[in-house]
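Just the one chain here, the form predicted alone, laid out as C-alpha cells.
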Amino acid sequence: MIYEGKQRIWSDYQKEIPDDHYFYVRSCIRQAFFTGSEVAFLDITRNRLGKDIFESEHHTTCGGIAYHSDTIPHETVMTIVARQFALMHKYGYENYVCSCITSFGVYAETLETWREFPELQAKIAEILMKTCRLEFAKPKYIVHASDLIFKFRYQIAARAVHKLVNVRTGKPLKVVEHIGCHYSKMFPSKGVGGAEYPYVLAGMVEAWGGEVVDYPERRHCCGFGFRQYFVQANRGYSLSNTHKKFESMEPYHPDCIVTNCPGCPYFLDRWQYVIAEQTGKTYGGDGRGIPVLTYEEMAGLVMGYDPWDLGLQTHQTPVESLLDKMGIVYDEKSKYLGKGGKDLGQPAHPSCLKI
C-alpha cells in the first residue's frame, strides 16, 4: 500500500509528451552562447531518431527577456506568443517544442492567463488578426526540448557510442544536473517531476550510465536571475549565487554539470573563470574547473558526435578532462578550425584555469 501510494503521488508529477510531429522554435541567445546545441538537437531527433521536427524561418523571439526585464508589457508578449502559435497552426502542427526555458515559462504563463481570462484571449486574437493577418490557435501540447530528449533517452542509450562512465575506473561519472528556474518553478505541473523532484535531466544521466549528485544547493538559482545580471550594478549578486552553488557541490567531486536552460550553462561556465580570477580558486580538483554541458551536448557525446562539432571549444571552462574520462578520442589540432579547415585563431589562455 505504501508503494502504491507513492506511485499515485509520483503520477501527479508526470507529463504527457507526444512522440512525434513538433513545431520547433529556437532560442534567441542559445545560438550565440552554445552554437552547436540546437543543431545537435535537430540532428538527433530528425536524422538519428527519424522524428518530424519542423521549424519556420518566420518565427521570432518570444519576448521573454524584455518582459522579465520590465521593458515591454504583458499584452505585447502575449501577441508575440500568439503569432508563434499561429505559425504552428498555419503549417499544420499542434505540438509545440521550444529550445529556451524562459520561452517555455512565457508560453506556460500565457496559456494559463488565457485560460483564466478568456476575454483577454479574445482581445489578443483580435490584435493578432489586425496586425499579422493570422488565425489564432493554441497548441494541444507544449514541451521543452529537454522533455523530448528525456522521452527518447532510452532510444539514445541504445545508440550510445560512449556512456557517462569513467573508462579508467569503470565507475559512473558524477553529474550535477541543474534545472532552469523557468522550467518548473513557475508552473510545476508543466515540468517532468514538478518543482520539487524535477527528473528531466536526472533521467537522462541515469539512462546513460551516470550518477546524479545530490547536494544542498541543488535547486539554487544559477545566478542569472535577469535583473541580477542585466543591471550591471547587481552582477555581484549573480556571481555570489553561482559561487554558493560551487562551494556546495565541491565536496561531492562532480565530473561535470548538465543544464537545460540557455543562461544556466553560460553562467556556470563563465563564472568559474571569474571566481578563479578573483580568488585563485578552481573547482574540479585538477585546476581545470568542472565542465558544463547542455543536455544536447551531453546527448551528442553519448552518441559519438565530434566534441568540436558540438561547439565544446566555445566553453570557457575546458571540457577535455570529461572527454578523457569518457574515453572520447578528439583531435586537439582541430579544436579551433572552422568549416573547410579554416583557422579561426586561438583565444588567449587564462592564467587561472588550466587548458
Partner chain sequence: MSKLYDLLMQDYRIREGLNACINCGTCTAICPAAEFYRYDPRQIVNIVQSQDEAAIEELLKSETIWYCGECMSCVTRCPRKNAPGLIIMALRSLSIDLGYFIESEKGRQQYVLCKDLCGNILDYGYCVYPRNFDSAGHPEAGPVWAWEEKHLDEVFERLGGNLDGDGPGACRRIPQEDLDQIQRIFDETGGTARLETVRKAAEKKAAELGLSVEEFAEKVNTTCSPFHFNH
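Numbering follows the first chain given and starts at 1. Because the structure is predicted, anything quoted here is derived from the model rather than measured.
Although not depicted, the form predicted together with its partner chain is the subject of the following passage.
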- [ ] Could you tell me which of 235-243, 253-261, 146-154, 93-101 sits within 4.5 Å of its partner chain in the predicted complex, going by non-hydrogen atoms?
- [x] 235-243
Open item on the list: Each of Thr35, Glu55 and Gly345 within 4.5 Å of its partner chain in the predicted complex, by any heavy atom, yes or no?
Closed with: yes
Open item on the list: Using a 4.5 Å heavy atom cut-off, which residue among Val161, Val167, Ala122, Cys132 comes into contact with its partner chain in the predicted complex?
Closed with: Cys132
Open item on the list: By the heavy atom within 4.5 Å rule, which residue out of His74, Lys171, Lys140, Lys281 makes contact with its partner chain in the predicted complex?
Closed with: His74
Task: Exercise: Asp286 in contact with its partner chain in the predicted complex, heavy atom 4.5 Å - done: no
Open item on the list: in the predicted complex, does Gly225 come within 4.5 Å of its partner chain, counting heavy atoms only?
Closed with: yes
TODO: Verify the contact flag for Gly63: yes if a non-hydrogen atom of it lies within 4.5 Å of a non-hydrogen atom of its partner chain in the predicted complex, no if not.
DONE: yes
Open item on the list: Is Asn47 near its partner chain? Define near as a heavy atom within 4.5 Å, in the predicted complex.
Closed with: no
Open item on the list: Under the 4.5 Å heavy atom criterion, name the residues of 17-35 that approach its partner chain in the predicted complex, in sequence order.
Closed with: Arg26, Cys28, Ile29, Gln31, Ala32, Phe33, Thr35
